[in-house]
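Two forms of the same protein chain are encoded below as structure tokens; each is given separately, as structure 1 and structure 2.
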Structure 1
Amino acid sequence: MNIEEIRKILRTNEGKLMFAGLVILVTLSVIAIFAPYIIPYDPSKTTPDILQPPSLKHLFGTDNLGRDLLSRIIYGSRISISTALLGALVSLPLGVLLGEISGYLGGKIDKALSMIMDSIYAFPSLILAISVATILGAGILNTALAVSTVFVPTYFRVTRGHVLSIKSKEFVEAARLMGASKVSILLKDIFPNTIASIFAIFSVNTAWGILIEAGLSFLGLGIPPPHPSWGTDIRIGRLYYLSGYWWIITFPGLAILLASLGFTFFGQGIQRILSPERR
């Protein structure tokens, strides 16, 4: 893959979406990193300015406790995005390792691991995350662990499927005939050909992790107060939405949508650029 080929991909519709996703992710990353320095108010400080609509003083308005909503969304990006990223990162090595072993060795090991992962995968993602979060309790680390539980079967299924299709290729057979060990074949011949899909799934899982974290916080099982979280703000906003206070639920919802789209677009573009077929 040379620079000219990448430029051609970026000119396609999918390439443009990937670039848009990258711009969104870079912007959100900068906001999250420098959140303490750019927030106009303390996101947890209550004031008498309760339920104020968007204005020059409070661009996104205030909530029922007078807290500035823009500050909460900016600071909440650190918690919501980092929790989703941590959940995806924790599940990645475990799911990929089990998928590689299961797909390459086959036999009883493959059947046993596939049965376990299919059993976990059968649960709806949010229901499974709720179950784990209920057992572990609220908290940033516990929420990340609940999110990671959902993603292990996804990494496993994708990795296993690619290994099954790759291990019968001629270059793998050649390595085997030359006396390469199973570990060497997995690490040097099979794993590099699954990286593109792993990158794509990681990005999409992070997008889904943001939604799961928001759902857990919405139910009171995720990030505990007074930490700002997009899901927590939506839970508060739903109580006042029908009374005309639309901004409390609207702006956190847009933040969740924007972050999810950024990770999804970027993951799809990466998969296209790094796909073995294109190379």
Structure 2
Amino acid sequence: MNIEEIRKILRTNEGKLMFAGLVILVTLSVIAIFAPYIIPYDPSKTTPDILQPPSLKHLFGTDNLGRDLLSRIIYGSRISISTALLGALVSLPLGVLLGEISGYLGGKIDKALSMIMDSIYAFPSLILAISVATILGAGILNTALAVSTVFVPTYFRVTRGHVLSIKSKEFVEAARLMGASKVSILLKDIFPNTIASIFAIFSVNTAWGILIEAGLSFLGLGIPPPHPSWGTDIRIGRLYYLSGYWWIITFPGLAILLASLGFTFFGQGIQRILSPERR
């Protein structure tokens, strides 16, 4: 891919949205990484200034314990995003491996695996995550694991599709004729070719992970309270937002929306660029 091609992509609407997604992601990463240095207040320090509306002193207002919401949201980006990233990452090897095996071997194994994956995919993701979270209990790692179960089929699908489409291509055929083992063909020839698509799915899944984490935490099944997470902040705000304290849920929600929008625009942009229609 050269400069000219990238320019051309950026001129399309999808390209622009992808770029916007990238900008959001970079900004969020910087905020998350440097959170301790940019927060105006200690995110978990309670003060007597409870339920203050947004002002110059507290840009996003304060919560029921007088904690600065802006600082909580900045700090919360660390937990919300890393939980989602972890969830999207943990499921990746399993999904990719099964997808490669299924697509490469074909036959009955492929049929059975596809059926299982389709069934899991058809099941409501949040409810699946709720079930896992219920059994594993609340906690950051458990939340990430709960989130990850729903992603296995997405990696499976894209990998399997890719494997099927390139399996017949010449270089794989050549490698096979030269006596390469199945495992080495899978790892050396097929995996690199699917990496870009998997990366796109990874990005979209992270967006989805942010939403599931937020949903779990909102229901009280995700990140437990002392840690600032966007979903947990909204859960805390539940008792107050109908009494006129609108800011207490509005800003954490906007943060969730922005983060998942960033990952989605970015991931979908890559998917579009890679799509065969485009090539």
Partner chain sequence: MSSKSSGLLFYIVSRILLIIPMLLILLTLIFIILRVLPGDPVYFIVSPQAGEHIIEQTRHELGLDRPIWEQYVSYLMGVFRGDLGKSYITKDNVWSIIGRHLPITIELATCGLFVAAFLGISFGTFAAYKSKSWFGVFNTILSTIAYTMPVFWFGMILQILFAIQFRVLPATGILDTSLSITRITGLPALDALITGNMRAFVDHVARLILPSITLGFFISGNINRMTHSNVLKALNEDYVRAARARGIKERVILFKYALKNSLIPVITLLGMNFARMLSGSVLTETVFSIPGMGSLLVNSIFRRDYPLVQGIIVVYALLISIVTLIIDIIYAYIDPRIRL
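By convention here, residues take numbers in order along the sequence of structure 1, the first being 1. Basically, rigid core = biggest C-alpha set you can superpose within 1.5 Å across the two forms. Treat the numbers as computed from the prediction; the structure is a model and nothing was measured.
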query: Selected structure - criterion: the form predicted alone; finding: 1
query: Core-referenced Cα shift (Å), Gly161, between the two structures; finding: 2.7
